[in-house]
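Here's a solo chain for you in structure tokens, the form predicted alone.
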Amino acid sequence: MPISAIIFGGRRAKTAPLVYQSRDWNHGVFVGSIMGSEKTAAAEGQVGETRRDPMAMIPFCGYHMADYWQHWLDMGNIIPNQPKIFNVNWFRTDENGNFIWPGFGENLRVLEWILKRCFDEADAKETEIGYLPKAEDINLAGLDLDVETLEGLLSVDRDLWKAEVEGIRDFYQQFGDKLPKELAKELADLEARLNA
């Protein structure tokens, strides 16, 4: 059965937008490899610190994570119809620490845009991190959320992402020479786009 979309997601208060699409397969593997969530009071470690869990597989991967990523990259050369890869983040917060996006069943509104992207029925704007929805392409009917707030949820803060690049670089260092060169290139390309 063909797969149209792969969706990764983490818990980020400010960095990751509500949803974005990778540029291509290798970039999508990169997006999955940098997945992370900020620690809460219930998690071990400092609150707000990013805990990386690539593709949510750290507890389940029975072999070296860099080999796992290489397998994904290799699959991109084999599968005839590559699924589009997306990242979602339901956890952006306002200045008071409250979640902005209502979540739960309202997440279907974002999934609708994802499906439309898979079938070439929705446009997107290109950003440094990937393709984001235009605010008018997310259905807000009946939702107590205005377009300006949604635009904020779909924004990319270049300074936060520059700091993110440093965090990703530190994370990748633990994989040494086993880190796939394609992922090192994706990181360098992201940094170049942010600095352009």
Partner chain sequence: MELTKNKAVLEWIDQQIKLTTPDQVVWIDGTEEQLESLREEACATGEIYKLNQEKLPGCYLHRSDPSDVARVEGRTFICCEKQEDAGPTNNWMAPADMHAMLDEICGGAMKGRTMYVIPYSMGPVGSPFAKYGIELTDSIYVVLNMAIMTRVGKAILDQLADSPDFIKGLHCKADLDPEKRYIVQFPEENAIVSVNSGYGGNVLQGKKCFALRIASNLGRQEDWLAEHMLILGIQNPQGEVRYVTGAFPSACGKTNLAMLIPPEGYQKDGWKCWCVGDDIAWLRVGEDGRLWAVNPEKGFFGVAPGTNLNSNPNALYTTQKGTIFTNVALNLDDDTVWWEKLDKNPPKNALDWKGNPWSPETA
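Residue numbers count along the first chain shown, from 1. For clarity, every value in this text was computed on a predicted model and none was experimentally measured.
Omitted from view is the form predicted in complex with the partner chain, to which the following refers.
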Using a 4.5 Å heavy atom cut-off, state whether Asn26 contacts the partner chain in the predicted bound form.
no
Is Tyr68 part of the interface with the partner chain in the predicted bound form - any heavy atom within 4.5 Å?
yes
Please run the contact check for Ser37 against the partner chain in the predicted bound form: heavy atoms, 4.5 angstroms, yes or no?
yes
Find out whether any non-hydrogen atom of Pro102 is located within 4.5 angstroms of the partner chain in the predicted bound form, and reply yes or no.
no
Check for me whether the partner chain, as it appears in the predicted bound form, comes within 4.5 angstroms of all of Tyr20, Gly152 and Leu190 - heavy atoms only.
no
If you apply a 4.5 angstroms heavy atom cut-off, which residues in 1-33 are near the partner chain in the predicted bound form?
Met1, Pro2, Ile3, Ser4, Ala5, Ile6, Ile7, Phe8, Gly9, Gly10, Arg11
